[in-house]
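Encoded as C-alpha cells, the following chain is the form predicted on its own, with no partner shown.
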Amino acid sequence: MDYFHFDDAQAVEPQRPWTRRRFSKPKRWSEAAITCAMWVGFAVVMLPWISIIATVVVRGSKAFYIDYLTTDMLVNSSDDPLNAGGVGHAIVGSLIMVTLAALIAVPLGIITAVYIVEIKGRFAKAVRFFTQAMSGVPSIVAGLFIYSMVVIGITHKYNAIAGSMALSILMLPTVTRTAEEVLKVVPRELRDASYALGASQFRTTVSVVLPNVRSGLVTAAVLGVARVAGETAPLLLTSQYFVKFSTDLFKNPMASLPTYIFGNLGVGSDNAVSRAWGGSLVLIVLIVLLSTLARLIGGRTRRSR
C-alpha cells in the first residue's frame, strides 16, 4: 500500500524575517520611548524631594550633638552654642498631642465612614458633604475655633488638650475619607454571606467588614497623623510653646516640633536657624518611623488573620 508523503521542506512555508522585523522594530522603539519618558517623569518628580531631604539633613545635622534629643531649652536660649540645649521637650509634646488627636479623630473617622458606607442613613449624603468641606478648611480656622471655644471659654489658658483638639479637627476629614474608600473595597458577597448566616448588621460590620480592611484603616490613621504632625498655626493659638519638659495636659502650655521650629526661625540668628533645621530633621524622621511602625502593625495583623 502506497502512502502519500509530504516533503517537510516543501510543506512548511518559508519564513520571512523581514515581515517580523517590520512590525517588531516600531514596537520596540515605542516601548523604549515610553520607558524613557517614565524614567524622566520619575526623576522630575523625585528630584525636588531628594533636594529637600538632602538640604534638611545637611543643615539639620549641624544642630545635633550627644544630648540634643534628650534635653530642653529651659536654661538655654536659641542664640547659645549648638552644644547646649535640645529638642527633647518638643518631641515629647508632639507625641502627646498627636497621640491624643489620633485617639479622638481615628475612632470618630472610622465610625463616620461606617455610617456613610454601611448604614447609609438619612444624613449620609450631608455627612459626606461636610466631611469633604472640612478637608478644605485652613488650619488656622481650626485653631481659632478651639481658641475661642476651649482656651477662652473653658480652660482660660493655653494647654495640650486644646492643641490636640485642634489637630483632631484637621485629622478627621483625612481619616474619614480614606476609611470610606477602604470600606467600599469590601466585596458585597461577604456581607450577604454574613447576613445569610443570621448575623446582624452590627455583627457583620464588626466581625466581617472591619477585619478585612484592617490594614487600610491603619493606612487611614497614618495619613491622618502625617496630615497634622507638621501643623504650626493651630498649635500657636492653643498650646503655644514651652521651653521645658511638660506632661501637664490642662494647666500649662506644651512645646511641639512645629512651634519649636517656628520659634527658632523667628529669632533669626545662625544658631537658632540651625536649631530650626535640626527640629525639621527630627520631625521628618519621627513621621517616617511612625509610618513604618503602623505599616508593620497592619501587615502583621493581616498575616495573623
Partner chain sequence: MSLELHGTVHRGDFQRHVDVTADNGEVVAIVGANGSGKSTVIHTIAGLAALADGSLIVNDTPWDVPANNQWVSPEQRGCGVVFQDVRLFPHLNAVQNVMFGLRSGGVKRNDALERAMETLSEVDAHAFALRTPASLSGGERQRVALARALVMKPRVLLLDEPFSAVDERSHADFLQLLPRIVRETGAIALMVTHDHSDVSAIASRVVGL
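Residue numbers count along the first chain shown, from 1. This is a predicted model, so every value here is computed, not measured.
Separately, the form predicted together with the partner chain exists; it is not shown, and the next lines address it.
- None of 82, 92, 199, 103 but one reaches within 4.5 angstroms of the partner chain in the model of the complex through a heavy atom, and that residue is 199.
- Shown without its partner, this chain lists 178, 194, 71, 78 as candidates; in the model of the complex, only 194 has a non-hydrogen atom within 4.5 angstroms of the partner chain.
- Under a 4.5 angstroms non-hydrogen atom cutoff, the partner chain in the model of the complex has residue 207 among its neighbouring residues.
- Mapping the unseen interface onto this chain, residue 212 counts among the residues with a heavy atom inside 4.5 Å of the partner chain in the model of the complex.
- Although the partner is absent here, residue 157 sits far enough away that none of its heavy atoms falls within 4.5 Å of the partner chain in the model of the complex.
- Residues 188, 189, 190 are the members of 176 to 191 with a non-hydrogen atom no more than 4.5 angstroms from the partner chain in the model of the complex.
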